[in-house]
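In structure tokens, the next block holds one chain alone, the form predicted alone.
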């Protein structure tokens, strides 16, 4: 492991998972430093004023938030290229990064992860059934959209795997940790996810566990 490259992250944070996947795909060694961001530990806040993960320290350089880290990795370690080769594919990858980090996170994660994860971590009581229903309905709408993309392309943004795939997989993998992804209703998305799930960079993601939050039985099964 690198002694100078440290990633401060929360294992069930989609943004942190995107960075971990990119580091793994580029075969860059790093030391993981899990943090309880909701407790606003001084070490994290001193590095990132927002108090959010991920934060990466690379030598004397401190990088905060997933997009800044991903851009830095792509510019500093260009191989393998994770934004595509053609300008059109890079533009599409960036569009989909925005899609999952804003639209999907707001419409799906903002309900399902808040009710199933954040409430338990913060001691805020039982999940609200109406919010769970709204999150699951939004998830199905997004799955329909992804199914359409993978029916026309090899990967989400085009002919090559990109950061768009990592963004989608990072968000879906956390939802899947809690067993809410209706994979069998979307065979194209399931096949796409199985390809990503079998990559070496994904193995640490499948090994994630958090005390008091057990994953679904199929979570780390490659042939789920």
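Positions refer to the first chain, counted from 1. Keep in mind it's a predicted model, so treat the numbers as computed, not measured.
Omitted here: the form predicted together with another copy of the chain. The next part is about that form.
Interface residue in the model of the complex among 153, 94, 140, 119, criterion: non-hydrogen atom within 4.5 angstroms of another copy of the chain: Partner contact (heavy atom, 4.5 Å) among the options: 94.
One residue of 45, 194, 68, 28 in contact with another copy of the chain, assessed in the model of the complex (non-hydrogen atom, 4.5 angstroms): None of the other options qualify; the answer is 68.
Proximity to another copy of the chain in the model of the complex (heavy atom, within 4.5 Å), stretch among 54-62, 153-161, 183-191, 30-38: Among the listed stretches, the partner-contacting one is 54-62.
Within 4.5 Å of another copy of the chain in the model of the complex, all of 132, 136 and 200 (non-hydrogen atom): Per the other structure, none of 132, 136 and 200 touch another copy of the chain.
4.5 angstroms heavy atom contact with another copy of the chain in the model of the complex for residue 87: Within the cut-off, so yes.
Contact label in the model of the complex: residue 147 to another copy of the chain, heavy atom within 4.5 Å: Although another copy of the chain is absent here, residue 147 would stay clear of it in the model of the complex, with no heavy atoms inside 4.5 Å.
Partner contact for residue 105 in the model of the complex: another copy of the chain, 4.5 angstroms, heavy atom: Yes, residue 105 sits close enough to another copy of the chain in the model of the complex that at least one of its heavy atoms falls within 4.5 Å.
Heavy atom of residue 72 within 4.5 Å of another copy of the chain in the model of the complex: It does: once another copy of the chain is placed as it appears in the model of the complex, residue 72 has a heavy atom within 4.5 Å of it.
Within 31-51, the residues that have a heavy atom no more than 4.5 Å from another copy of the chain in the model of the complex: In sequence order, 48, 49, 50 come within 4.5 Å of the partner.
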